[in-house]
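Encoded as structure tokens, the following chain is the form predicted alone, with no partner shown.
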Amino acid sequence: MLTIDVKKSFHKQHDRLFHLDLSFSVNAGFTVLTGPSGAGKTSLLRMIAGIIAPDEGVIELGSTVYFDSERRIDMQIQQRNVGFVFQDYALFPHMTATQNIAFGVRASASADRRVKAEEMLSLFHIEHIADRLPHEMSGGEQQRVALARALSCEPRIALLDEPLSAVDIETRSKLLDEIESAQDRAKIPFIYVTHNEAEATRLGTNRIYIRDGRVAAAEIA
């Protein structure tokens, strides 16, 4: 179970304060975060990953405490074992698909990293782009590489920030199939941010609507 109970204040445009105050618990499976732009969805993902820290509160995954302000716990990013798919994919432009995926593998030996990368290329049906650089890939291919890299470290939780916003409808449908298959294999929580109602309806075992930094509505199985 993922438990979130966090507060944080941000300075936004014109030095305006934005207050994030979120509290919920969800089990493994898909949790879809929806809501208007600027509501705090991406900030929450970044807190779970350890990129930014809450001002106060608790983030726990099972028995593992990622953050606890009272106990002064703030686990380092590399120790959290989180897979993160950024909205812009964030692939390394100078690395091939294989190299990008291998970068996420936790194994120390280069041969082991390559074997795992090749396994992930096969799982996402992108063996044919193994040696291509990101600028030589389509948007759907880049997305598959980003997903493969995020899951190559065998994470305890996967965070997906509007992962399909830049692909066409046909590609989106195929990628949703692969994302669902990836979650079914991994059996871990997938926290999925989207503005697309069709995606939210399809994936939303749990759905949380965030507005102005707070949970405005929730459907939790």
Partner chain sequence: MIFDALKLSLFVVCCSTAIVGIAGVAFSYLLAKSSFRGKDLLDAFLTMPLVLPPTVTGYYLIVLLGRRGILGSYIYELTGWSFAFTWEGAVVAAVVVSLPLMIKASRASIESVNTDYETASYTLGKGKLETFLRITLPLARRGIFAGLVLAFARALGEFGATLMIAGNIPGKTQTMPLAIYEAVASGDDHRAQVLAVVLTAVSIAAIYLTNKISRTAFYG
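Positions refer to the first chain, counted from 1. A quick note: this is a predicted structure, and the numbers were derived from the prediction, not measured.
Not on display, but discussed next: the form predicted together with the partner chain.
Undergrad: Going by heavy atoms within 4.5 Å, which of 191 to 199, 27 to 35, 178 to 186, 149 to 157 lines up against the partner chain in the predicted bound form?
TA: Going by heavy atoms within 4.5 Å, the stretch is 149 to 157.
Undergrad: Can you tell me if I129 lies within 4.5 angstroms of the partner chain in the predicted bound form, counting non-hydrogen atoms only?
TA: No, I129 stays farther than 4.5 Å from the partner chain in the predicted bound form.
Undergrad: Just checking whether R172 would be counted as a contact of the partner chain in the predicted bound form - the rule being heavy atoms within 4.5 angstroms.
TA: Although the partner chain is absent here, R172 would stay clear of it in the predicted bound form, with no heavy atoms inside 4.5 Å.
Undergrad: Would S138 show up as a contact with the partner chain in the predicted bound form if we use heavy atoms at 4.5 Å?
TA: Heavy-atom contact with the partner chain at 4.5 Å: absent for S138.
Undergrad: Even though the partner chain is not shown here, does A117 get within 4.5 Å of it in the predicted bound form, heavy atoms only?
TA: Flag for A117 set to no.
Undergrad: Given a 4.5 Å distance limit between heavy atoms, list every residue of 72 to 104 close to the partner chain in the predicted bound form, or none if there are none.
TA: The stretch touches the partner through I77, Q78, V82, F84, F86, D88, A90, L91, F92, P93, H94, M95, F103, G104.
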